[in-house]
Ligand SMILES: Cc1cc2nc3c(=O)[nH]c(=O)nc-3n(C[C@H](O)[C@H](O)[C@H](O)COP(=O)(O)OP(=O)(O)OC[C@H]3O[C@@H](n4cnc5c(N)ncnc54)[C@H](O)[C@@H]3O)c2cc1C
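Shown below, as structure tokens, is a lone chain in the form predicted on its own; questions about how it binds or moves come after it.
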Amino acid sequence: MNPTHPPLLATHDVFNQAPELVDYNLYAHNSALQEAVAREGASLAKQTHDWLLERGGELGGRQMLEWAAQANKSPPTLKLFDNGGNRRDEVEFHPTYHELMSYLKRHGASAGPWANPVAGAHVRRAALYLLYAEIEDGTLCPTTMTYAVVPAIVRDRPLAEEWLPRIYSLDYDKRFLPAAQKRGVTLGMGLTEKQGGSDVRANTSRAELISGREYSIVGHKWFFSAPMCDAFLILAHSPGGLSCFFLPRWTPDGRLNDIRIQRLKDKMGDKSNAGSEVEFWGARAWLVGEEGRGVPTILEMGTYCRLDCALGTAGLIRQATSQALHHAHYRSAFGKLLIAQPLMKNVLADLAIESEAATALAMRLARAFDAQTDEAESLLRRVLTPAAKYWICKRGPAVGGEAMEVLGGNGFIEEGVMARIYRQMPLNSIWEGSGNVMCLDVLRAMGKRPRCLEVLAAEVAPALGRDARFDTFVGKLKNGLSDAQHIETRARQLTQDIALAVQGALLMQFAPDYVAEAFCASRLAESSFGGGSFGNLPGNSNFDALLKRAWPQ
């Protein structure tokens, strides 16, 4: 042996590292989601289960994961002009972005429930949305907006007749052409201006009547997400007040509409999606609804976007939890696998409970969107949508941070998915109304529709009498909601407690006893943090059962 070339040192061997989490079925591994689909999915439940098994295998496959990584590592670029110096205002994407968009469109994520409005259609879409959110979220933005725009334009016969067939199409057409020349379209929205944010009544964009319902728009939008959509709903001030307008990228005569992209946002997360700032220099648009009724018109679209914020974050929470559980089954420390360490068991089981509670609440909310003509479900939807969005989205960053800590340094680097998940988490709290806006909307719902309180009470009533901690928690919530003094300053606590009460009721009725017991002990009991830091489950919790349910091997 040549002494100048020593044998390979043991330190060069790679061991005690978790393999990449790939080529597994997202749906088959998610017991809580499977049960929610069976519970909430009406007559489509069995068919949906089989369909989701196929989608779960595709989404957990290497191809989808690689596409997601590539789309986020190669953000969109802006092409303002063509070679001749003419304005183009076009955004170019990595090819994998288009593959991902095509997948969503093909499987009905953008308009399936509207194109085929059968019982359980919104639940079916919700389950797919939640699964897909585990993989790639930037493509969900235009998908959500396309889904959400339908209720706003369906009442406008000329718009509906021309545009709904294109929206309902399962074909994704990436070409930058007038909509009449395309096989399918996506739609977006533009509300936020520099000076206004959530206060859209402070908007300064103006609309001048051309003729009939056609207007000329002059102004700007500070956040104009997915600017390559084929048309947008926007708000602008018309002579009759703040109004909603349908703004296509191309005018009916085949010319580029005067929507000038100023720049693309350099965002913390959501890298595959293009966020932009735009100016309107006499862009042509068509009135949707009545003049001066722009906010109520577009708020219906916002309601569906808020549902997707809750679903998307529930999916992110699930993937973060899955990554932590997977890692813990392979990584050893101090002579034992992490999954066998008592304190790590507590942390992981707590994350699993948070994921199951988020999934249960988001899917229950989706069922309320299926029951379009049921008054009680409509009232529940009105109060529960902002509450679910608020609480699930608030818990997302906490879950992401804790799961990243389980992976340690491996979770903090860009080679895996944890860093991308963590950066994505805060977006859904901001999009379509930040935390305070959601909480004030909960109060507004109950103030304008007192029956919301009755419907909410009826929702949690079947779980009463099963656990004293739950009964006490619900009693205090009812007292808090009936106490008008300082109610606005307490809106966050009340909104959080509404979400926790409904989560608790769902888990106590439908989850195994050990899940409901741990939830009540850690979220509802007097001594709990109401969903504070993770790893604080009581020592007598059934950790092994909780972990096996969350991550079946």
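These numbers were taken from a predicted model, which means no experiment stands behind them. All residue numbers are counted from 1 along the displayed sequence.
What follows is about the form predicted together with the ligand, which we do not show.
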Exercise. Of these, 348-356, 282-290, 220-228, 114-122, which stretch puts a heavy atom within 4.5 angstroms of the ligand in the predicted bound form?
Worked result: 220-228
Exercise. Any chance all of G196, G433 and V437 sit within 4.5 Å of the ligand in the predicted bound form, going by non-hydrogen atoms?
Worked result: yes
Exercise. Does any heavy atom of Q341 come within 4.5 Å of a heavy atom of the ligand in the predicted bound form?
Worked result: no
Exercise. Is there a heavy atom of L191 lying 4.5 Å or less from a heavy atom of the ligand in the predicted bound form?
Worked result: yes
Exercise. Could you tell me if V185 has a non-hydrogen atom within 4.5 Å of the ligand in the predicted bound form?
Worked result: no
Exercise. Does the ligand come within 4.5 Å of any heavy atom of L427 in the predicted bound form?
Worked result: yes
For this session: Using heavy atoms only and a 4.5 Å cut-off, determine which of K267, R364, H326, K174 is in contact with the ligand in the predicted bound form.
Result: K267
